[in-house]
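The data below hold one chain only, encoded as C-alpha cells and taken in the form predicted alone.
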Amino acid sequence: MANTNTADVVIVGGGIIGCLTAYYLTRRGLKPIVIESDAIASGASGTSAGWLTPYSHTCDPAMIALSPASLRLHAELAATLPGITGIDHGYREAPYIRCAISNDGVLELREFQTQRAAEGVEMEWLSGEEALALSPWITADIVAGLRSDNEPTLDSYRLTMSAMQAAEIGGARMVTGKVTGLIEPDESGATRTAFGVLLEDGSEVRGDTVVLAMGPWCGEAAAWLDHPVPVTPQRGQIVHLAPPDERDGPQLEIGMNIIEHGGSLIGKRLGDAIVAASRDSVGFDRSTTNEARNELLINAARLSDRINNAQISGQTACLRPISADGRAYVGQVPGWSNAYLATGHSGEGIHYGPVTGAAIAELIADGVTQYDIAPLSPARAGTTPV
C-alpha cells in the first residue's frame, strides 16, 4: 500500500456534517480523520444560504422535532467556536418576515402560522403596515406578514472551516483523497465490520468506526454497504448582492419573502445579502445559469423594488442531498457494527448540522444519543421507493 493512516473514527466528507461530527468527537476524547476529495466546505456547505430554517424543504415532522436542539447547539457554537479558532462565522439572530400580497397568500400565511404553533413555535402576525415598517426594503403592497424570530443566519463556509479547525485543535486530522470502498475482514458473519476505507490512490485509512457524510455523493456508498442509499443531487443557485451605496438606502438587515412566489431575500452580518434559491435536478452539474438568476431576481423584485438598482456581486450553485422521502438518513447502517450514515438533509444541512454531528458522536462514543433520531434511521432506506 502507498500509505496507511489510522484513527479512532474515519469520517468521509469534509462538509458541515463531517466537520461538526469530527468536532464533537474530539470533545469526547476521540481522534478522527476527515477524508475530503476536494477541500473543506468545497460543496454545498461552502455556498449555502446560511439561513438556519427547518422550513425550506418538506417540513418533515421528524426533522422539525430536532430543530430546537439544533438551534440551541448553533447558539453554543457561536459562543464557543470563535474563541477556539478566532473565526467569526457571522451568526446573527434577526427577524424573518413572510409577506402576503393577496387573500390567498393570507390564507397560506395563516395555515403556516397554525402549523408552527402546533409545533410550539409562535410567530407574530403583522398587518401590512406593520410589515412595511420593519424594513425599507419591503416596497410591495403587503396585505399581511408573519414574523419569525427563530431563524438566524450565518456564513456557512466560515462555520464549516471553524468547526474543522476546532476539531484539528482537538486532535482530528484531515486527509485529501477519494474513497472507493470499505476495508472489511475476510471472514463473513451476520454483522459486517469496516476496518476503514480504501482510497483511489491505493492507500488506506483505518479506524474503529466509519461515518459516511458525503452529501449527494453518499449514493456511491450503496455498493460499499450493500444497502440502499437513495440520495440524489438537487442544484440550488443563489444570487449575491453588493452592499448598496449610501444614496440607495440602508443595507438589508433581515430576511423576507413573498409567500405566493417563494424565494428569499436574506441579509447577512458578514458578507453580501443574498437572493435564494433555485431548485432543479440536473445531476452533479454545479454550473450557474442565467435562467435561475433572472427568476430569482424577478421574484425578489416583486417584494422589493430596490432589487432593480442592486449590484450583483456573484452567483453560486451547490448540490443539495435529497433523500427519497425528504427525510435525512442519520444513524447506524443495518447489517454493520460500526458504519454510520449522515446525509440527505436537502437544503437544511447547515441548520441540522450541529444536532446531526452531536448525535453521531454520541452514538459512537456512548452507544446512545439524547436526540430522537430513530425516525431518521438508514434502515428505512431498504423499504423506501427510489
Ligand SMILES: Cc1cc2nc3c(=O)[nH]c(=O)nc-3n(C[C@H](O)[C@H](O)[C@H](O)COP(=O)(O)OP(=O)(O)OC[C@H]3O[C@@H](n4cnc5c(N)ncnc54)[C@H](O)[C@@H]3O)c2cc1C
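These numbers come from a predicted model, not from an experiment. When you see a residue number, it is the position in the sequence shown, counting from 1.
Missing here is the form predicted in complex with the named molecule; even so, the following discussion is about that form.
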| item | value |
| --- | --- |
| Per-stretch contact check against the named molecule in the model of the complex, the hit in 357-365, 29-37, 63-71, 332-340 (non-hydrogen atom, 4.5 angstroms) | 29-37 |
| Candidate spot I97, L146 and L297, all three touching the named molecule in the model of the complex (heavy atom, 4.5 Å) | no |
| Contacting member of Y157, Y91, W137, W217, with respect to the named molecule in the model of the complex [4.5 Å, heavy atom] | W217 |
| The unique member of A167, V205, A213, M256 whose heavy atoms fall within 4.5 Å of the named molecule in the model of the complex | A213 |
| The named molecule contact in the model of the complex: S323, any heavy atom under 4.5 Å | no |
| Residue contact check: V179 to the named molecule in the model of the complex, 4.5 Å heavy atom | yes |
| Contact test in the model of the complex: T209 vs the named molecule, heavy atoms, 4.5 Å | no |
| Contact label in the model of the complex: S162 to the named molecule, heavy atom within 4.5 Å | no |
| Residues within stretch 49-72 having a non-hydrogen atom within 4.5 Å of the named molecule in the model of the complex | A49, G50, W51 |
